[in-house]
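Below you'll find only one chain, the form predicted alone, shown as C-alpha cells.
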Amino acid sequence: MNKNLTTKRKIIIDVDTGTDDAMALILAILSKEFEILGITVVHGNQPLPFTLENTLRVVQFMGADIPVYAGCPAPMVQTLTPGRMKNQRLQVFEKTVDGKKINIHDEHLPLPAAHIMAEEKHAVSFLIETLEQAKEKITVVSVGPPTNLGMALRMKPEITKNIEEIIIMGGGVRRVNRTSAAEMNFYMDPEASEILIQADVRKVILPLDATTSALFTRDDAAKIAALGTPHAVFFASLITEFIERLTILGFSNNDNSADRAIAIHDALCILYLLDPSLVTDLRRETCDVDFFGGYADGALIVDSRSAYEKRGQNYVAYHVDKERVMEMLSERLAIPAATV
C-alpha cells in the first residue's frame, strides 16, 4: 500500500531487539516517509531487560526522539504448563567457546549504554490507547514474539478498525529455525501468534521462506560499510558479526552448509513498507498457528488446498528480490542521520 509521499505513514514498531531488529529500527528511523509513533518492546531474542536496553541503545545511536515502551516479559500462557517447551526438537542457540558463551543474539548490542529512558506506560496500554484514539489509520510492524499485540487484541479487538495493516516477521512454511516445525517469533508465544493471525485486519507475513530468499555475505557487508555513514558501518558490522556467530554455532540459512550468509529478517518488513514490489511472490493464504504443545507448537500452518475458499486477511510472502533490497539499503544507509 503506497501512501502519498506528502503525508507520512504513521507506524508503531514492536521489537525484541537483537541483531536484525536493530537493522529494522535503523532503516525505519532513516525513512522520512514514516512517523514512528512509538516503539514497543517484548521478550524474545533475549529477556526483556536486554531487548529494552538494546532498543534504547539503537534509538540513542540514531539521535532519534521516539518514545520506547517496555512490554511483556513472558509469553501469554506458554510457560504455565510444566514441560511444554520440552516437547519439541529445539535448536540449541548457544555454545561455549574458550569460556565465552556464543549466542545467536548477544545480550547487548555493541553500542554505548543507553542514557535515555523508556516511558512509564506499559507497551500494551500504549498500543490500546494509541489505536483507540487514532484519527487516521496506523500501520503496525511486528518483528518479535507478538505477546504485546496479542494481549492488546485480546483486551480490545476493536482496535483493528484503526489499523491500516500489520506487517509481520514470523513463521515459516517450509523453512523453520527454533524447532523442527516452528520459527522463533511464533514459537515464543504461539497463542499470541494465533490471535494476531486471526485478527480482522490485513496482515502481510514475511516468514523465513521469504527472508532467507535474500542472503547477505561479507562482500555485501563491505559494500554497505563503504557508504561511510556511522549507521551504514554499524549495519555492516551486524552482518559480519552475525555471519561469525552462525559459523561458530554451525548454522546455515540455506542448503549449502558451507555458506554462512545471513538473512536480515526484520529489516525486510521496513523495506516492504517502503516498496512492496520487493516481494516478488505474495499470496493470500488461510493461516493458523499451532498452540497445542506438541512437536508443531508455534508452527505456521498454511492451508494450500485448492478446493477450499481462502479465509482471513493474511498475505504470505515467499520470495524477495535481493537486488532491489541491496539498492534500497544503499539508498537508505547513505542518508546522514542528521537530515532525517
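Position 1 is the first residue in the sequence shown; the rest follow in order. The structure presented is a predicted model; accordingly, all values stated were derived computationally and were not measured.
The following text describes the form predicted in complex with a small molecule, which does not appear among the structures shown.
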Taking heavy atoms only, is H231 within 4.5 angstroms of the small molecule in the predicted complex? no
Please tell me whether any heavy atom belonging to N45 falls inside 4.5 Å of a heavy atom of the small molecule, as the geometry stands in the predicted complex. yes
is_contact(R260, the small molecule) in the predicted complex, heavy atom dist at most 4.5 Å: no
Is V143 close enough to touch the small molecule in the predicted complex, meaning at least one heavy atom pair within 4.5 Å? yes
Segment that reaches the small molecule in the predicted complex - one of 112-120, 180-188, 77-85, 196-204, heavy atoms within 4.5 Å: 180-188
In the predicted complex, the residue from I243, L131, C72, L208 with a non-hydrogen atom within 4.5 Å of the small molecule is L208
